[in-house]
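Single chain ahead, by itself, as structure tokens, in the form predicted on its own.
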């Protein structure tokens, strides 16, 4: 599941799991709903100077959609296409998480201290900044390996966030498992560190430095949306004009 903690002006959203299987943080309807509830709470408490750090326990940041959940749904159903229908359901539910992050009125940082695969990779790059450990994490867009096409908003987000066509090809058309140093060179990750502790510290430092600016959260969110018009259009996030409050 996940927890939400506030320390000073920084919110910490942590993906948690009691068992080894749970610590893959696979995105099923329950976890997606929990993340959205946490982000709603963050939004409701946002003030100038707020920032969000998202992190995860264990060896995974997130291992993507919970295909075992989809198989369990299929096993309990008589419909021939029940598993595929449940995957589509999770794809549609997860749109809300990406939408929430792209419209959140504060800077956001993903501290990737474990593998981020498929929708887990999309979760990471939905943040403004990504820092990653060198020792125990890869980025992996696994859809090609499992024989699944990319949802439209995945593709639009990748186009908006990954500037190099060669890097996008490596991610999507080679299904490469990309380590932290390579991810920095490809422009997917902002910085790589040797240890989990260094990643956590760097994420906090980035959040604190941005929070000190005490920018208008509304203006920040609108400028972010303007940078990624394709994915925001697919998600139904409309842009609006924000003026200084003292005008």
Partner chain sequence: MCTLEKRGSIFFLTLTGASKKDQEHRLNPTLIAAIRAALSEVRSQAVPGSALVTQAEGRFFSNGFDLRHAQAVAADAAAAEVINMVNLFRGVVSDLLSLPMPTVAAVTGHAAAAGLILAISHDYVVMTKSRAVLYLSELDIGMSLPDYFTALIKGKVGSSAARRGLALRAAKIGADAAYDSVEEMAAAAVQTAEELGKKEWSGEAYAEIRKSLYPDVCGLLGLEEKTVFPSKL
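Residue numbers count along the first chain shown, from 1. Just so you know, these numbers come straight off a predicted model, no measurement behind them.
What comes next is about the form predicted together with the partner chain, which is not displayed.
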So in the predicted complex, does residue 215 come within 4.5 Å of the partner chain, heavy atom to heavy atom? yes
Taking the partner chain as it sits in the predicted complex, is residue 220 near enough to touch it, meaning that at least one heavy atom pair lies within 4.5 angstroms? yes
In the predicted complex, residue 210 touching the partner chain (heavy atom, 4.5 Å): yes
Contact test in the predicted complex: residue 136 vs the partner chain, heavy atoms, 4.5 Å: no
Candidate stretches 143-151, 127-135, 112-120, 77-85, one within 4.5 Å of the partner chain in the predicted complex by heavy atom: 127-135
Contact set, 76-107 vs the partner chain in the predicted complex - heavy atom within 4.5 angstroms: none
